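What follows is one chain in structure tokens, specifically the form predicted alone.
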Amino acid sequence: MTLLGQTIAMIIFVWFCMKFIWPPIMVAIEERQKEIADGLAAAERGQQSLDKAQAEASDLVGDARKQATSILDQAQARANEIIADGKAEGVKERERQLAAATAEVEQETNRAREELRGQVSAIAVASAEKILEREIDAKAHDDILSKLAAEL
């Protein structure tokens, strides 16, 4: 009898659990499984988004490096161009100054020649006057010419 009473009590307990306790537990378990599945799917999508963002970041960094390299190359080329222009201008300026100095030296040389010609002609005229003032004598001529040579 006790066995039969325990069996009936057990059957009622199982029926009660199956009717009132088991369905809410199953709903909670299914909801939890669904939340876990959604969380895993979201994590997978997040991982894919992260991978995509990292790939885009790598592309952007690569493009930025290419652009920076291009800018540096352009700057180097411009610097070389500026240096070449500066050298060319320096050469032109040097040639201009050299031409001006050469012209100035030539003018000074011509002026000195003209001045020297004037002095030589003055000395020649003075010598001729002295020669003409004295009587014509070979010794006097030699003496005057030697003085003239000494003055030159």
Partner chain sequence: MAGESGHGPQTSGEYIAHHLQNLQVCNVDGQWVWNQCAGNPMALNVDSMFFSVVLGLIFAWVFGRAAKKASKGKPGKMQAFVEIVVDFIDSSVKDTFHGKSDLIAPLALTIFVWVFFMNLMDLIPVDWLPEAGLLLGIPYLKVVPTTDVNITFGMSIAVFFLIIFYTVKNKGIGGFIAELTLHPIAPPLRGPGIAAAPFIIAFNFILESVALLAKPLSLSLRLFGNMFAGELIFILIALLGLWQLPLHFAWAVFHILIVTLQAFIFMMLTVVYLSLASEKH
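Residue numbers count along the first chain shown, from 1. This is a predicted model, so every value here is computed, not measured.
In what follows, reference is made to the form predicted together with the partner chain, a form of this protein that is not presented.
**OP:** Quick one: find which of 27-35, 55-63, 99-107, 85-93 has residues within 4.5 Å of the partner chain in the model of the complex by heavy atom distance.
**Re:** Every other range fails; the passing one is 27-35.
**OP:** May I ask you to state whether residue 7 is within 4.5 Å of the partner chain in the model of the complex, using heavy atom distances?
**Re:** Yes, residue 7 lies within 4.5 Å of the partner chain in the model of the complex.
Original post:
For residue 128, is any heavy atom within 4.5 Å of the partner chain in the model of the complex, or not?
Top reply: Although the partner chain is absent here, residue 128 would stay clear of it in the model of the complex, with no heavy atoms inside 4.5 Å.
Original post:
Is there a non-hydrogen atom of residue 150 within 4.5 angstroms of a non-hydrogen atom of the partner chain in the model of the complex?
Top reply: Judged by the heavy-atom cut-off of 4.5 Å, residue 150 is well away from the partner chain in the model of the complex.
Original post:
Which residues in 16-30 have a heavy atom within 4.5 Å of the partner chain in the model of the complex?
Top reply: The stretch touches the partner through 16, 17, 18, 20, 21, 22, 24, 25, 26, 28, 29.
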